[in-house]
Each structure stands twice: as structure tokens, then as C-alpha cells.
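Just one chain follows, in the form predicted alone, and it is written as C-alpha cells.
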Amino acid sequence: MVSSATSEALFSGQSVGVDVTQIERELALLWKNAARAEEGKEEKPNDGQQAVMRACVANLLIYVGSEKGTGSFDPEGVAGAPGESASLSDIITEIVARHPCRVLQISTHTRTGEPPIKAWISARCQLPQNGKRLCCEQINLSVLESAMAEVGGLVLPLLAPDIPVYFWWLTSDQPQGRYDRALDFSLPFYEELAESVDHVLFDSSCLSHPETTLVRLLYEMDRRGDALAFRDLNWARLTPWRQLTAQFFDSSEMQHFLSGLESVVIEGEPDHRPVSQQSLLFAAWIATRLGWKLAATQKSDTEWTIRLRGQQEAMIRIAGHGGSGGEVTAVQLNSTRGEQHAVFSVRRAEDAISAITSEQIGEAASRQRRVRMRYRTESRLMGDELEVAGRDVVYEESLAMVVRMLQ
């Protein structure tokens, strides 16, 4: 049971194990003890402790997959919980500082001899402002893999009512030879949770089998319609690239170069994969915005060539050095209208926080400028996505093109 002393430990960032069937009761005691403590501070205003305020604007449900390590876990008096790395804990802290949420985190394990589902509760608090800490709750569940079918029935009653539900589907570190579980729609809890979730957030750059996973994702998007929005952090990372590319054609006098676009070259960071989902998404975005149709693809170890048909035939080449599986680093668009040739390019600068844009029309001198390229951390990406409601139709159309490119 959560005592007053335990409550203060929880508000300091520690986790305490609780009975799975008593989670809501223990959370109620947590806040009851906090309220009593605040009353005591009114009588003893100089005791050096800050009052606590409860805040919650959304539910953030996180599936992290398998816990790292196989040893038994003693929850009493520790900071953190199973399946939560230091980096993930930092990300959650930054997210809830911007968007106070009730966080429910699910991890799985294969240990026997323990209860099939174990639970911990903790509080995420911001630094005191005006003498009060702004805090929200976190519930961590560690579930035996064979008991995963029970997750939906356990989690749904724990969601705070009448506020949005975001499901962050992480890719977990699986032993070699096992596939990642992100967007594995066959997981026992998915169908039950999908009925109560408003947004699914994931990262397509981490998918180990995009050829099949993205096909199922498109099917899910169509099946769920407006009831469930899927948001891809990998697509969100492309936002500054899409913005800078589109800005070349903002003026009416430059838009005629779009109909004369004949080739695009996209470069990516060296990586172990022959091509990245991010590069493909960028190529698909360009193609779908211009109404191009896929004609053919050619693949090698270091590049893809994608041939398309619009008002004229065009080509997109995705190139890299030793593979281009990482993030986009440069894009160049080549266009010819009549006798006039134009080259537009965006390249990430060496400082990694700015980009160099270049525009050359005909024989005129190239016009270059350095612009700040907003780099967004994982927590910033997540925070931005929690501010967006509804489906992203442009992303869905681009994803459909990516699927055709992969086939």
C-alpha cells in the first residue's frame, strides 16, 4: 500500500511495485497522500517541500517489447522499471513536461516462476513553479509473453477517460533472428486496444520487413478510416526537407519548372541497408505531389533508380556511398523548360543544424543561402505529433507509393 513516505519517494522519480488488481486504488492513495501533505504545508509553510499538482491532458500508451536482460527484477525503491532504458526514461520525461500524460508502459519477458503480470507506479514531475510541482502518473506493466492476450483487458480500464489516447509502438531489441514487434498487427492485444486508441505512433525507419509490414499498415489505415490515425516519426523527420524543397516553387514564375522536372537525386547517410524508408518516402512525396505514376524500379547494392511517368518521363535516383539506409542528406532536382535548364538543391551542412539551398536558372550564377534546419530529438518529434489530430492524407498517399516501389 502507498504510504505518505512512499508517496514522496514516488514524486521523487522512484517506482514502487503494486498489486495488478489494485493499481487505481494505489494511485488514488498516492494523490490523497499528496493532498494531505499539501494541507500540512499550509500549517508549516517553511518545511522545505513543494506542494504537488496533478495534470493529465492525454493518455500515452507505450509498448516497448521485450525487456533487456532476463534476470528477476526487484521494483522496490528503484528509479525506472522493466523495459525502460535511461534514454527512454529521459524521452518520457521531456514529453510529459510539454504534454502532461498518464503514461502506461508495457514490456514483455519470458521469465517463469513469477506472476504473469507485474505492475509498478511512479510519478513524473516537473521542476517546481510558484512553489508547486506539476506531476502526472506512470504505470509500468511487465507481462509474460504467453499472457499478452490479457493486456487489453487490463490496460483499457486504466486509461484516463475523455482525453485522447496515443499508442507509441516502439521497436524493441530482439535477439538475432527474431523480427521486431513494431506494427506486428498479429499481437494479441492490438485488436482490442485499437478500438480505444486515437493515434498510433511508430518509426518506419526501424522496420526490419518493410515490404510486408507496410502493406499491412496500408490495409489497417483503410480499415480503420478516420477512427484511428497512424503517425510515422520517420515522415516527421522529413518535414524540413519537404518544406525547403517546396519553397523553390512558391512563386508563380518558378512553378512552370515543376512540369519540366526530369530527374531527382536523393542522397542518404551510409548505412548497412541498401536504401532507407526515409529516402523512399521523400521520393514518393515528390512523385505523388506531381501526380507521377510508377513505371519501373531498378535496384543495386548502393542505389535505386525509380522511373515514373507524368507529363513526361522522369527519374528519381536514390544514391549513397556504401548504402544509403540512413537519413536524407541531400536532394537535387533537375528541370528543363524549353531552352532553359534549372537545378535546385538542398544539402545538409557540415554543422548538421543548417542546410545549404542552391538555385541555378540557365546560365545565371547560382543563388545560395544557408538556412537553419530544425533538428528535432525523439522527444521533440513525439511532442509535435501529440499536437496534431487526425489522419495525414499526404503521408498515406506517399506510403502507398513506397509500397509500390518495394514490390
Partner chain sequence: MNVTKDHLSSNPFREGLRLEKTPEPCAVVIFGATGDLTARKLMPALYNLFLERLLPTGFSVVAFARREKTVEQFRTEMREAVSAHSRTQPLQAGVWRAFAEGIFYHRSDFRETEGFVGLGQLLNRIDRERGTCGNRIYYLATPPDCYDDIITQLGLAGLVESPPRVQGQVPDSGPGGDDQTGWSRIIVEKPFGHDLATAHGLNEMLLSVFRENQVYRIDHYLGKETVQNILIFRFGNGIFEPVWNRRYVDHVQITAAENLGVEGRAGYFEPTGTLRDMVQNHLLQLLALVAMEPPASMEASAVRDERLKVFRSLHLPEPEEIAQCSVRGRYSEGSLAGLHVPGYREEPGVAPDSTTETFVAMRLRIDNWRWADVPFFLRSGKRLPKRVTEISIQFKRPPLLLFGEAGRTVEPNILTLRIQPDEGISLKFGAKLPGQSMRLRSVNMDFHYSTSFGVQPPEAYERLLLDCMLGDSTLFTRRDEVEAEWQFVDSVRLGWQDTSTVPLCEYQAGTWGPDESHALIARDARRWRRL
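Numbering follows the first chain given and starts at 1. Just so it is clear, the model here is predicted, and its values are computed rather than measured.
Just so it is clear, the following notes concern the form predicted together with its partner chain, a form of the same protein that is not shown.
Contact with its partner chain in the model of the complex, judged as any non-hydrogen atom within 4.5 angstroms, is confined among 334 to 342, 364 to 372, 59 to 67, 23 to 31 to 364 to 372. Mapping the unseen interface onto this chain, residue 384 counts among the residues with a heavy atom inside 4.5 Å of its partner chain in the model of the complex. Residue 285 belongs to the set of residues with a heavy atom inside 4.5 Å of its partner chain in the model of the complex. Of the heavy atoms in residue 357, some are within 4.5 Å of its partner chain in the model of the complex. In the model of the complex, no heavy atom of residue 210 sits within 4.5 Å of its partner chain. With the partner omitted from this view, the residue of 196, 305, 93, 247 that lies near its partner chain in the model of the complex is 247 [heavy atom within 4.5 Å]. Checked against its partner chain in the model of the complex, the candidates 163, 290, 330, 156 yield a single residue with a heavy atom inside 4.5 Å, and that residue is 290.
Heavy atoms of no residue among 89, 297 and 326 are located within 4.5 Å of its partner chain in the model of the complex. Taking a 4.5 Å heavy atom cutoff to its partner chain in the model of the complex, the contacting residues in 251 to 266 are 251, 252, 253, 255, 258.
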